[in-house]
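In structure tokens, the next block holds one chain alone, the form predicted alone.
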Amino acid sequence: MSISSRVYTARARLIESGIRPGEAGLDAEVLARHLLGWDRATYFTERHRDVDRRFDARYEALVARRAQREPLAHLTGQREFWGLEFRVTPDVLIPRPETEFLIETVLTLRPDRSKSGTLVDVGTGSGCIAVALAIELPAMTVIATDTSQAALEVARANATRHGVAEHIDWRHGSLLAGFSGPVDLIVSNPPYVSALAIQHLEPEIRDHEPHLALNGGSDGAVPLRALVAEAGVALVDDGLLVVEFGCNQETAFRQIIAMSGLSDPKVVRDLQGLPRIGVAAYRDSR
């Protein structure tokens, strides 16, 4: 049997497990390329080669795990974000493409990449946001916080991989982890799924990703309220808060900002036109 035929068989099995056909085909291919150490160009050139016994046994084990709805990123141990490969473990939230809108928003707000200042990434997880911004904004001091020590270890490893580990100050703790400022920019992808809604998520998320990084409390906005409260104390005049939130939380975001010491709320929409990123500023009224 050829490698391409084996991948096609795996695709059918993944579809039977409830994975959407397009995703199933890509997952089956990615798992094969992961084991073979091939990029996609090599796969399309060499996929007609015969399967050897060692590959088949290892591939079967990975496909079986994926059919049990274990996330692809956990099987390969990595996920691409902002054109960079990040190590991923069950201790961290798997980086999502929509979070790249947060990076794009920050870079739009900070067009002068040589400008210094202090940036805090709250709830850094895999470190994807902190690492991407440390690379894009090299003059800024970057602080990354997380309540999970295991997540911070993954984030440090990712920062080392991309050469910015020494550029980031890692802090174990909630929200700003006791850092009171002054801060020029606070960024975060906080937990924003309501506690009730978690049980209705896809199995890959519900059963395999850390609930600590998902659970936003009774209405999904509890961590955001706490973050906004701390941001109002820590931000410098004209300092900015940039956060990701759920696609149905624009109203909540605006209401939270209206009741805080921050102002000028703005919302950035993703490629589907859904509200995804919220921006607010601190204005010193003294």
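Please read all numbers here as calculations on a predicted model, not as lab measurements. A residue's number is simply how far along the shown sequence it sits, counting from 1.
This next part talks about the form predicted together with glutamine (GLN), which is not shown.
Within 4.5 Å, heavy atoms only, one stretch in 145 to 153, 175 to 183, 211 to 219, 82 to 90 touches glutamine (GLN) in the predicted complex. Which?
Result of the contact check: 211 to 219.
Would Ile205 count as touching glutamine (GLN) in the predicted complex under a 4.5 Å heavy atom rule?
Yes, Ile205 lies within 4.5 Å of glutamine (GLN) in the predicted complex.
Looking at the partner-bound form in the predicted complex, is Glu244 within 4.5 Å of glutamine (GLN) by any heavy atom?
Because a heavy atom of Glu244 falls inside 4.5 Å of glutamine (GLN) in the predicted complex, the answer is yes.
Interface membership of Leu72, glutamine (GLN) in the predicted complex, 4.5 Å heavy atom rule:
Leu72: no, not in contact with glutamine (GLN) in the predicted complex.
Is Asn158 one of the residues lying within 4.5 Å of glutamine (GLN) in the predicted complex, judged by heavy atom distances?
Taking the distances in the predicted complex, the answer for Asn158 is no, it never comes within 4.5 Å of glutamine (GLN).
Contact assignment for glutamine (GLN) in the predicted complex, among Val193, Met140, Val106, Ile135, heavy atom within 4.5 Å
Exactly one listed residue reaches within 4.5 Å, namely Val193.
Which of Arg171, His167, Arg96, His162 has a heavy atom within 4.5 Å of glutamine (GLN) in the predicted complex?
For this set of options, the contacting one is Arg96.
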